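Below, in structure tokens: the form predicted alone, a single chain.
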């Protein structure tokens, strides 16, 4: 079925009311935007970027979600019902995300949503999700702290990722750290976590810089790192502009300073996009990378590659999208209904599913996941090896008292709510 395509003006002009009207009957990149086909099956919204700034990560997130849904539909669906999909491209635009979220809830009456890469996107749509008590899976690794009754942030938190890699780097290289991070809430809060974890392990941050998202020139930052002479750098850079840091690191001879990260390689595959040895001795705290050498993961990668002829690298978030569809399926089948409140109640009962990273368990109180964390290392040829695998719980939200099984909060806690952050 085909129809008129929505222009950006159609979708965004004139506020949400006209945006909803403008969306009706349009087709956006494979996602039918209309009044539905009258089927009784569940409708799933996949609002993941296939164009714009975050397409590099969003495309794989969209595709792994589709892969899981197609597998489930081939196996009889959920409760005997085939899953319908609403999947327009948000185009990495937060205003468009807001309009599409409203449309998904008001007009498509979706049963569950997967949406967004950046924390800024999540926070742009979370008030809409909260207002309508919409079940929402957010799968990006993120700064942590979201305690929200209908939101399930399933990516590894900064505390989990940095808790894997920062202690490893201190033990291997020393106790003086220089932090470089993206200048928005994710990067700033991640920088706070580096300080907290460093202090817990007798180390210190000797310098830090927060870099605008559109910055691509790092000469002054590299000079500042040289002047500070740290034992290692912690990098929470994000996006394609920031990836140029690694090429400039190589050109300036800074590869003698090892780098720990919670963002690079596992998300935007810098180790494949950038020629070696620019990422030599970069260590990432990850729950998943496509290179993970297990039979379960290799079978997952093979299914993904068979489904998509131009398959993108499976980033960490894309793996989270995949297993969370099966998490949702398990909760619905336990509840015996697609009713969102009943499904959330089952999710909060505690569910464990098989994931490419290993078995994962949903923590009922916090709606986060106990992830299988490991440290990924890129050598001079950008070959990846893994070390120090262990399960890390989402402990911070327990520390601040988040228990969504007893208190329906809609907040985001920050490190300063519990720790003294200097």
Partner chain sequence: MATPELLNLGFEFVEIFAFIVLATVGLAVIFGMMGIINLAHGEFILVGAYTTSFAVAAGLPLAAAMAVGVLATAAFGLVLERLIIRRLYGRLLDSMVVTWGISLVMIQLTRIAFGNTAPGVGIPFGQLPVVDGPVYYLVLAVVAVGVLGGLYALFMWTDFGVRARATMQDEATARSMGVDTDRMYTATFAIGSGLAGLAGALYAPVMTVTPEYGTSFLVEAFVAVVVGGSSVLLGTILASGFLGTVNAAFTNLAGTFMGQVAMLVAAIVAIRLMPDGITGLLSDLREKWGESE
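Nothing here was measured: the structure is a model prediction, and the numbers come from that model. Numbering follows the first chain given and starts at 1.
Form predicted in complex with the partner chain: not shown, discussed below.
In the predicted complex, residue 106 stays away from the partner chain, with no heavy atom inside 4.5 Å. For residue 219, a non-hydrogen atom is located within 4.5 Å of the partner chain in the predicted complex, even though that partner is not displayed. Contact check for residue 365: every heavy atom lies farther than 4.5 Å from the partner chain in the predicted complex. Interface residue remark: residue 247 is counted as part of the site for the partner chain in the predicted complex, having a heavy atom within 4.5 Å. 209 is the sole member of 82, 209, 192, 199 with a non-hydrogen atom lying within 4.5 angstroms of the partner chain in the predicted complex. Put simply, of 385, 391, 51, 381 only one has a heavy atom within 4.5 Å of the partner chain in the predicted complex, and it is 51.
By the 4.5 Å heavy atom rule, the three marked residues 296, 302 and 330 all fail to count as contacting the partner chain in the predicted complex.
Screening 146-154, 336-344, 236-244, 257-265 for residues having heavy atoms within 4.5 Å of the partner chain in the predicted complex returns a single hit, 236-244. Along 261-298, these residues reach a heavy atom to within 4.5 Å of the partner chain in the predicted complex: 269, 273, 275.
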